[in-house]
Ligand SMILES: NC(=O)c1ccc[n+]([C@@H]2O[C@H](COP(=O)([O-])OP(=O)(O)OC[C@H]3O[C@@H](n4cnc5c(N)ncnc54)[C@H](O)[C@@H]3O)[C@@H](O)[C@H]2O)c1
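First, one chain by itself: the form predicted alone, in structure tokens.
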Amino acid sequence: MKSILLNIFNGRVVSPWWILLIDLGISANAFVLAFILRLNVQLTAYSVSDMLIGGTYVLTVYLVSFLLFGSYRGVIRHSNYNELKLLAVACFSAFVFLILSSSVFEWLQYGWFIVPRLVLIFHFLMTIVLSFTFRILVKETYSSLTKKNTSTNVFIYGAGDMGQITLEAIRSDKANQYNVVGIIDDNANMKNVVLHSVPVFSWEKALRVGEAKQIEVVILAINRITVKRKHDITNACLDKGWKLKVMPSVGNWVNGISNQNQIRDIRIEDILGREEIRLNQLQIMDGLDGKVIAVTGAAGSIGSEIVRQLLRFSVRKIVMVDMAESALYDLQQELLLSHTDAPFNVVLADITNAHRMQEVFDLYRPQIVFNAAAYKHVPLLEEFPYEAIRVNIGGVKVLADLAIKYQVEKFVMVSTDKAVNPTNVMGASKRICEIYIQALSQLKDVKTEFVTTRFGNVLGSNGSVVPLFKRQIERGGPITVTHKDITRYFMTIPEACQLVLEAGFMGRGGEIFVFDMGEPVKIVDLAKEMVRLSGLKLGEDIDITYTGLRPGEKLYEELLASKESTMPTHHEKIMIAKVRQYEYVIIKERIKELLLALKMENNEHLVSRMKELVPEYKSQNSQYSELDKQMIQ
């Protein structure tokens, strides 16, 4: 029997004309039932001919209404609220017309078309009930026949819009493995409420009844929640042995569509981030409105997120520049799928090639430049300082000089906390970039506003510790940590890019903006948290091993050098670093000499020049530590 019904349901969609015929049949039967009810109430004689004439008239009016509103066009097995509402509107419109016309006919004494008002009321109510019942019965029968046996009992955390969307997404997906047995909400007004046939619990009660209900998964579906609260929920779920999953907010739905497949495992970024940064949207909107914007390093973690956030504003064009061919292609395809009308151009180019970059500036005439292009891996650049100087310093110089030449309005450079009292080549190269950018902004005839943003490590970015730990956990370990006491400041990729946007339009030129990074995180604690989120036990399923500090690596990062102080801004999480000023003429000449030296000097001589430019640069755990001793002598 089940297979026969499935064949019927899964066959071609029933013609809308058949649905219209069924609706008319329901209406006709409702009319007969209405007369039976009416006669039982008033016991007055009524001829069969009058009933047939009246019935024909009523059915004609309902037919016209069904045709006008198109209430028969929906696929019955997929009926939803909007289709039921349309049917109700069609029936109500017919009912109102019949009531009014009946009064008119009564006044004109056209007895054949007068239908008792009580019959019309009974008929309307029964037509609505029977039509709704028919659709819901077909929908539920189809749902029951196609629904697979679910094996995972879940709680949805959040009874608001996101929670209800999540419940609907789960119920609509016939292949899902979830059986929602409860909804959790902290609102006291929701106590003992049943929402869409699912009971609502407080978090405390959910923890008590979860074992009895054999809960395996909790799905977090809340638009706004503090990071601390999210962390507490995560710990409680892990203690209970429940998996915690997350329903992305509306802005992060894939292609803007909600479905069960978007429910994902909670990530370390979800519980290590800080509270949501509140941007000055109007200031950013005014700054970006109708502008041509170039983003260098656009295919990287930071650059690609800057592009995604820029697409939220009414920019004229985004020019995405990168030398990584595959990554740039992937970003292009992603944007073509999610932003079909996005005003962007892709440029495959190396920022160190002055001739090539001049062609880009000459063609697109960017008004704002976000420079996120840089080499950033500390151990690699410690081994190859030539590339750090060529790309990080040489590339910034090319872009900054072109920004002045083409009168770019804003030039925003992404820097790093490793530029503060640098202990490695990478940090020193970024500090030299900062110095050059600041020196340019002191020139009186320069119209470009040069701004630098400085922040810590970015969770989940290419080459960061989080993807490394994930790979090591997937392989069964061990997880490698360089030192048991090593700490780092962290922020999420969206946070970092929001800082870049906010600071870019907060600055007036020459500022180095630093971010309130909160408390530093011990890397070993990060590793332990990731192990817990993976459902593994440290020491049993996986181990942590210590490998020793890498060349140039610090135990602790800093956001401000010891001789620096900060000034507040209107944003409580963003400050301006007060740093030592450098003469442009001197810095320009020293950097020119450094770049020319790339053609003839070895690594030691190149690093020595960097140390002369940045006196606070002291190599740590590095082959270049001997240079510091020589400079002291």
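Position 1 is the first residue in the sequence shown; the rest follow in order. None of these values were measured; they are calculated from a predicted model.
Quick note: we don't show the form predicted in complex with the named molecule, though the next part is all about it.
Asks: With the distance limit set at 4.5 angstroms and only heavy atoms considered, check whether G303, A372 and K430 all reach the named molecule in the predicted bound form.
Replies: Each of the three qualifies.
Asks: Just one of 361 to 369, 535 to 543, 124 to 132, 316 to 324 has heavy atoms within 4.5 Å of the named molecule in the predicted bound form; which?
Replies: Among the candidates, contact is made by 316 to 324.
Asks: Which residue among A159, V458, V412, M247 has a heavy atom within 4.5 angstroms of the named molecule in the predicted bound form?
Replies: Contact residue from the list: V458.
Asks: Quick check on this chain: which one of P422, G163, G504, G297 has a heavy atom within 4.5 Å of the named molecule in the predicted bound form?
Replies: Among P422, G163, G504, G297, a heavy atom within 4.5 Å of the named molecule in the predicted bound form occurs only for G297.
Asks: With a 4.5 Å heavy atom cut-off, would you call T452 a contact of the named molecule in the predicted bound form?
Replies: Residue-level check for T452: no, no contact with the named molecule.
Asks: Since only the chain is shown here, I'm wondering whether E383 would be in contact with the named molecule in the predicted bound form (any heavy atom pair within 4.5 Å).
Replies: E383: no, not in contact with the named molecule in the predicted bound form.
Asks: Does the 4.5 Å heavy atom contact test between T352 and the named molecule in the predicted bound form come out positive?
Replies: Yes, T352 sits close enough to the named molecule in the predicted bound form that at least one of its heavy atoms falls within 4.5 Å.
Asks: Find out whether any non-hydrogen atom of M426 is located within 4.5 angstroms of the named molecule in the predicted bound form, and reply yes or no.
Replies: Although the named molecule is absent here, M426 would touch it in the predicted bound form, with heavy atoms inside 4.5 Å.
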